[in-house]
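Read the single chain below, which is given as structure tokens and is the form predicted alone.
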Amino acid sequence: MKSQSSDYAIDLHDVRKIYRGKIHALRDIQMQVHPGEIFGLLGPNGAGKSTLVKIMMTVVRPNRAHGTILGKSIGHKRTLARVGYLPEHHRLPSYLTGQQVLEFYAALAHVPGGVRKKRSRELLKTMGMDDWGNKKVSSYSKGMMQRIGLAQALMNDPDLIVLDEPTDGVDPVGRRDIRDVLLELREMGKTIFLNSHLLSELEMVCDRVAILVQGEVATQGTLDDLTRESQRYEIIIAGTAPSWIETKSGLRAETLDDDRCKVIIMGADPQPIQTVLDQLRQENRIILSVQPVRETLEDLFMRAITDPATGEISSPGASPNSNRKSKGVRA
């Protein structure tokens, strides 16, 4: 796997994977992750997300892969020791207790014995599992095993944390706890690469995202950058829409139920909205609400996986749209 110098925590170029039967799992992937950010990877089932994660962690061999992880070529052994990894559908030794599992994986990562014991106790408490540390994994629920799985990924105090569906099977309280842990890790300067199908979770924690569609990067960047065209302000007022709304550029109005209307001001700049509000007040209009609006991550996701020509949603194994281009902001 060819490497090249990079200031990114993850810098991937021309990553390709073809399985038997000429199944193109990944097609010329280019992806960059900044140090100290939470980066979300999303896409429909069969898009190649887990294959990409496994290539980064050297679990799967690519047909071609150029790039770096933490400044070193993909697969560099000493660099992998600085990475924490939670695989999808991970399996933990059921005959061990939670604390024994953490110490076992820490030993594999060459964490000193004294550090292993202390850190395992700390992480059990962080994950809300301190009362279960001495119980066998065989007695754990799926959500509890996910918590222990995330804890083992942190035992070596990694610089980069790669998580493949970390909240799978975790209840809402557990997802909140894991989300808080990820935000704390980012505050500590850790880089987190997060593969998840829970879009609401990604939207709450990610600095940047990439969407894979049929093995290609359909778009990547910050949510602000990717949703810039949809950003707007919406003002709800009582009564009918003022006649002057339609005469001004960038403004439009929609009639709502219950004798209300919505005034829409396109763009993220708050300055134009002040003039509109002033004019509405001069007319003694009742302003019910003012709020900034943009596409959600779900909106962005659905737009990325929908063919604009046919309206059809991309499905696993389908031929990629030849007109599809990778969009977004790399830097």
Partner chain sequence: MRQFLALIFDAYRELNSKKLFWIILVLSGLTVLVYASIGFNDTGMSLFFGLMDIENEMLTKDSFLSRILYRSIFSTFMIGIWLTWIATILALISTASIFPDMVSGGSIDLLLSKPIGRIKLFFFKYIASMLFVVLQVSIFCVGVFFCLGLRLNDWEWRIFAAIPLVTVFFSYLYSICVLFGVWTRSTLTALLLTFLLWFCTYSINATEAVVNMFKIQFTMEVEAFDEEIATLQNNEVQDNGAIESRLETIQTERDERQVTIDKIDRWHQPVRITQTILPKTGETIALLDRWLRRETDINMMDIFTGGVAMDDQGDFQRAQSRDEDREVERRLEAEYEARSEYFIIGSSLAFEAVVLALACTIFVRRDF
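Since this is a predicted model, take the numbers as computed values, not measurements. Positions refer to the first chain, counted from 1.
Another form, the form predicted in complex with the partner chain, is not on view; read the next lines as being about it.
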* Can you check 172-180, 251-259, 81-89, 187-195 and let me know which stretch has heavy atoms within 4.5 Å of the partner chain in the model of the complex? => 81-89
* **Heavy atom within 4.5 Å of the partner chain in the model of the complex - residue from I264, V290, V60, I305** => V60
* Asked: Out of L223, M204, L96, M144, which one falls within 4.5 Å of the partner chain in the model of the complex, going by heavy atoms?
  -> L96
* Three residues, F104, L108 and P112; all within 4.5 Å of the partner chain in the model of the complex via heavy atoms? -> yes
* **is_contact(R27, the partner chain) in the model of the complex, heavy atom dist at most 4.5 Å** => no
* **Contact flag, Q100 vs the partner chain in the model of the complex, heavy atom cut 4.5 Å** => yes
* Asked: S120 near the partner chain in the model of the complex, any heavy atom under 4.5 Å?
  -> no
* Any of the heavy atoms of R285 lying within 4.5 Å of the partner chain in the model of the complex? -> no
